[in-house]
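Just one chain is shown here, as structure tokens, and it is the form predicted on its own.
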Amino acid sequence: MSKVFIILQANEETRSIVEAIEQDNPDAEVVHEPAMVKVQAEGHLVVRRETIEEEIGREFDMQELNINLITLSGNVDEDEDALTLTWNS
């Protein structure tokens, strides 16, 4: 199975988002680079609005991810509550 990933700019705004992604994906690997953070997992990764809101302490529109998004890999399923990346086997 191939890895899916999301890469975000490394800044104060994304720190809580990455922590939320880690909570929802305990098997994910987080790679910190000087200007970016890559979160990758085998076959499936989910980014949940509710978990991000708990981390940042305010309402969060999933479109806000695009502000700090560098790239992602996988088949994308997105709605107002979650962004899911998968590879179909």
Partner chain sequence: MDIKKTPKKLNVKEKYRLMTRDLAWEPSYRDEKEIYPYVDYEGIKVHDWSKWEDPFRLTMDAYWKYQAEKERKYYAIIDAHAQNNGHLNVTDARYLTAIKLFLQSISPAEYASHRGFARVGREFAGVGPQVACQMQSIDEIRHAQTQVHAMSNYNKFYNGFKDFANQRDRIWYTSVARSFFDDAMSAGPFEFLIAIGFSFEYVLTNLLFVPFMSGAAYNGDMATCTFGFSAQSDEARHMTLGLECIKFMLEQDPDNIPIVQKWIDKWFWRGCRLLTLVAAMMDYMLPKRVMSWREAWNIYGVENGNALFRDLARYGIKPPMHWDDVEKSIDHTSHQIMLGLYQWKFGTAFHSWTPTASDIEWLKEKYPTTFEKYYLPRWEYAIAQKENGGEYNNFGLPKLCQTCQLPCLFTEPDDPTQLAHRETEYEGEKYHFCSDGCQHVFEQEPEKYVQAWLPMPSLMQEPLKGDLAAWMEWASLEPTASGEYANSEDKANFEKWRKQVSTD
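Residue numbers count along the first chain shown, from 1. Model, not experiment: these values are computed from the prediction.
Although not depicted, the form predicted in complex with the partner chain is the subject of the following passage.
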property: Non-hydrogen atom contact Asp24 with the partner chain in the model of the complex at 4.5 angstroms; result: no
property: Exercise: Pro34 in contact with the partner chain in the model of the complex, heavy atom 4.5 Å; result: yes
property: Partner proximity in the model of the complex: Asn68 to the partner chain, non-hydrogen atom cutoff 4.5 Å; result: yes
property: 4.5 Å heavy atom contact, Ser16 and the partner chain in the model of the complex; result: no
property: Stretch 5 to 20: residues contacting the partner chain in the model of the complex, 4.5 Å heavy atom cut-off; result: Phe5, Ile7, Gln9, Asn11
